[in-house]
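Shown here is one chain on its own, the form predicted alone, set out as structure tokens.
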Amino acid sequence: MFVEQKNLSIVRKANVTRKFNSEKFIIVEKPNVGWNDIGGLDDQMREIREIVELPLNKPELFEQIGIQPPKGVLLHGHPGTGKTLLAKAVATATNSTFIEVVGSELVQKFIGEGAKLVKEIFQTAREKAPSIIFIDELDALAARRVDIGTSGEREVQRTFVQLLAEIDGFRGLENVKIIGSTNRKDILDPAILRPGRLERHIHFPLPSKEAREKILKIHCRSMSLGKVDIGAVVDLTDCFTGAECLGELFLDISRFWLSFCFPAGK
């Protein structure tokens, strides 16, 4: 409202704009990642489809049984094992808005800013439902709380408490699901892992030999490999993550084409 200075009479009404500050800190998109684009994660795909895809696509099944579907799921394991890719795939399968945010970006400088940001992110998710909130590096925000800490640590705790309140507060999440991702499940606060919050946990181990072969073949479908031996790359990548396997493959392809374009002695 615009008011007259002396007697505070209303002069005219200001237009209300709905622009979230959270837009500077999050990525809102409609992913285009199919289940066929993921290899070596059959067990993980089955679990996340049960936890996230089924409640969003067929909520009437849970209503008939009379149970509440899980609100969220925690993906944990080594970096580069496909956690973010799996989250985007389930968003594609459910035609959901994918809201990606890094846990460290929720921690702000001034008191109350982080909590306000969390509130706005969930408000955006409700307005764009069905939606999936993907919180990467969750341990940066939801690490185990301590009694004595600096003012910065106390602000992190305030933001964390707001996150817990949004997950199981007075307003229901309805068609909003939360997916957390971390490489350090061991340091997470028990409050975020209890039933009713991120109660389902999916582990992402290092890929087996068969899994590494599937990953490489999926990403080589549209490549001109020349004389690159996929089997040899699989044997060389023991104890590698999926991301490291691709890095090794791309390195071999680069070496081959360099030797072809720039032969030795020329």
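Don't overthink the numbering: it's just position in the shown sequence, from 1. On a predicted model such as this, the values are computed, not experimentally measured, just so you know.
Keep in mind that the form predicted together with a small molecule is not shown, yet the notes after this line are about it.
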Stretch in contact in the model of the complex with the small molecule, which is absent here, among 187-195, 113-121, 89-97, 75-83 (heavy atoms within 4.5 Å): 75-83
Checked 37, 50, 43, 235 for heavy atoms within 4.5 Å of the small molecule in the model of the complex; positive is 37
Within 4.5 Å of the small molecule in the model of the complex, heavy atoms considered, which of 136, 105, 155, 166? 136
In the model of the complex, does residue 219 come within 4.5 Å of the small molecule, counting heavy atoms only? yes
In the model of the complex, does residue 175 come within 4.5 Å of the small molecule, counting heavy atoms only? no
Is there any non-hydrogen atom of residue 159 lying within 4.5 Å of the small molecule in the model of the complex? no
